[in-house]
Ligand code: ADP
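There is one chain below, alone, in structure tokens, taken in the form predicted alone.
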């Protein structure tokens, strides 16, 4: 079934579920309203004040449209949630507890849930988790080589995006997802790569938290844990300070010395800034390494797909990442890479290279409506 055609679900025989999708962040609230497979409204509300105030602004923009359900993007669902769930007190508590390991995300989602409940106490709310898609990781991909009693493992994130993009690529290619091996690269302020085989996530670059893996806007990505222990044991920094540094002061921002925004860093590169050049080079090198690793893990791939703000809009970054991968079948068409707008194929070697804009809100709307339809 086409991804676009299964956004909404019918409850009973006469009513189409209208779903408000909320993605709550530290500085903004993104909203989308879906009904009958169509997007009725979308927007972003800056929220220097409260989430409640941001929510009121969103509802003012929506107008008189009735809302049957609210679907929330929640980043960390841990090992407990392998699919969307109706929000109740136990789910709220779990989201709250997992906020310790997803401090930039879960607390804001929980704030959004509570703001909706205060405004519309009888409207059902559904949590859709970024980690759910990665519950299919095999043990050799999710385990860390540490004592089991520590209770840590790799969960992976951006699952909603990787799920949509891999399914959408299959549709564009006229293939069943079950027949494909796809490497999806979600590159934005947060970044991750996912190996999708037979429609299932089999490996991904993020781990126990969204900090592992690629260089990101402000997150460090892969780092020697011994370096962390060194900083703590020599009292150069405390735990809370180090958490802030690795989450909010590292990544592209730290290496380039310019910005966490790739557009600003590339402009500085054009002006001859050597630190900015290192930031871009390190960012692209890390993505290339993961693509190579997942080509090995899946014994090849049918496609590499770019998505996210950088993946969709930066031909320079895509070119740098794919440069030198020709011998593995990954080869860009320079003209197509520069010209693509929206969806499009940009590489014509044995491994197809595509740009597919992510539609996480579409997946959240679909899964929210389908969950509620199944409970009627």
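The model shown is predicted, which means the values in this text are computed figures rather than measured ones. Residue numbers count along the first chain shown, from 1.
Form predicted together with ligand ADP: not shown, discussed below.
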Report the residue, out of 175, 114, 263, 243, that has at least one non-hydrogen atom within 4.5 angstroms of ligand ADP in the predicted complex. 263
Among 156, 213, 279, 190, just one has a heavy atom within 4.5 Å of ligand ADP in the predicted complex, namely 190
For the chain seen here without its partner, which of 139 to 147, 254 to 262, 106 to 114, 201 to 209 has a heavy atom within 4.5 Å of ligand ADP in the predicted complex? 254 to 262
If you check in the predicted complex, is residue 314 within 4.5 Å of ligand ADP, heavy atoms only? yes
Closest heavy atom of residue 70 to ligand ADP in the predicted complex, within 4.5 Å or not? no
If we define contact as a non-hydrogen atom of the residue within 4.5 angstroms of the partner, is residue 351 a contact of ligand ADP in the predicted complex? no
Whether residue 30 contacts ligand ADP in the predicted complex should be assessed with a 4.5 Å heavy atom distance threshold; does it? yes
For the stretch 299 to 338, which residues lie within 4.5 Å of ligand ADP in the predicted complex by non-hydrogen atom distance? 308, 309, 310, 313, 314
